[in-house]
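Only one chain is shown below, in structure tokens, and it's the form predicted on its own.
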Amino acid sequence: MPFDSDRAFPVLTDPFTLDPSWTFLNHGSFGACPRAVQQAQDALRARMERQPVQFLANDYEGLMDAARDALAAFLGADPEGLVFVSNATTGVNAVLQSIDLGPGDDVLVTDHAYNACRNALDRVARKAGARVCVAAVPFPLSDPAAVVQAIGAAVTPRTRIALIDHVTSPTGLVLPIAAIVADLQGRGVDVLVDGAHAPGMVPLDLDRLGAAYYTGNCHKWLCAPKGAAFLWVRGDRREGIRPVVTSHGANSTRTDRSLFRLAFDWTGTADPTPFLSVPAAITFLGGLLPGGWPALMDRNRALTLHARDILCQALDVPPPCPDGMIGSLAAVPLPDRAVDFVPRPPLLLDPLQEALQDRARIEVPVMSWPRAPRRLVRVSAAVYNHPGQYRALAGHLRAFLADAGQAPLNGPPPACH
């Protein structure tokens, strides 16, 4: 196991199949699935294709239950309230499309919400005649209590549900979710937590958290195959929560399983192997370091803080949030982009991100937030990353910004190696 000379971070690249010619600093977008987990999924897929009817009609339910139990144990969640979905956005849509909203109702969200989930909230509210209230959470910020205060200030007597990120996607903030949930639910507001980034990044105990709804991805920090995510619903809210696709379970007369499970566990013919590979991912990642999952989370967080400090020094900006609000993501403000820039679909890449890709083979997101021309660079830390990669990023950022006449920088650049 090699160690970086700066801080002795354990660096493990062999388990992953990432292209070594790239500096991959964007684990937060789609994760990276280790070779061993890919092999576990391949074995499941081969088993399915040897006898599809046996696998899907007879073996499937037991395999799903075993995968669910393993994930529930990792999440600290009652398995009866846990179902698999293809991604956290699907989980958000399932809840929002199931709840009964009407004219005069308010729904709450922050201005750090993930765009896809905000779109889902807007659509449901528009159809119901409900109003969307947006809590403006400051960034940069110096105190996590400001988040609880900002969200609480946006609650109205008509607020029915709040969609709150556990870890914000654009700004990489680990929000004080327990305090937020307690405050909102104390006001009679159900909370739907978008925990897309949280599983595998921060410790979770969903039963103790007690939110009405929690959805998260397994393909990010759990490193499961793409298409593996979950939705957890508290016991008193399960009745009436249904998947976005209505299938056979909707009119099942079975009494050995809940309608909640029957509706979600089969939504039509699909490849279930991403779900069924989640236990292999939990086991494999948990065995990478001697201290197991807690050691892996601590290692990634420490590296993220180190990376953020490297970038802040290079860009001559103060850390935009307290250390306690950092997990395995960190966002750092950049100089505003050119006002005449028109992003190109589908990924709407900033020219700076394209330059980092094309000229330096660095994969890292540069995103507009809260809106153009303001922008951030967001770095991730996974077990295959090391400090030298962030020093290289900082050096290239300085150079590219200087070329564009956008470098309010002081002092010498960090060494690029």
Ligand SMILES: Cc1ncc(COP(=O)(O)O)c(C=O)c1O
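Bear in mind that the values here come from a model prediction, so they are computed numbers and not experimental data. In case it trips you up, residue 1 is the first one in the sequence shown, and so on.
The form predicted in complex with this ligand is left out here; the points below concern that form.
- When contacts are judged by a 4.5 Å heavy atom cut-off, F139 does not count as touching this ligand in the model of the complex.
- Mapping the unseen interface onto this chain, T159 falls outside it, with no heavy atom inside 4.5 Å of this ligand in the model of the complex.
- By the criterion of a heavy atom within 4.5 Å, T171 is excluded from the residues contacting this ligand in the model of the complex.
- In the model of the complex, this ligand lies farther than 4.5 Å from every heavy atom of R308.
- With the partner omitted here, the stretch from 129 to 137, 98 to 106, 183 to 191, 83 to 91 that lies within 4.5 Å of this ligand by heavy atoms in the model of the complex is 83 to 91.
- Contact with this ligand in the model of the complex, defined as a heavy atom within 4.5 Å, is made by none of A70, A224 and A280.
- The contact residue chosen from C117, I241, I326, L209 relative to this ligand in the model of the complex is C117, the criterion being a non-hydrogen atom within 4.5 angstroms.
- Checked against this ligand in the model of the complex, the candidates H219, R299, R234, R261 yield a single residue with a heavy atom inside 4.5 Å, and that residue is H219.
- Using a 4.5 Å cut-off on any heavy atom, the residues of 157 to 184 that reach this ligand in the model of the complex are, in sequence order, D165, V167, S169.
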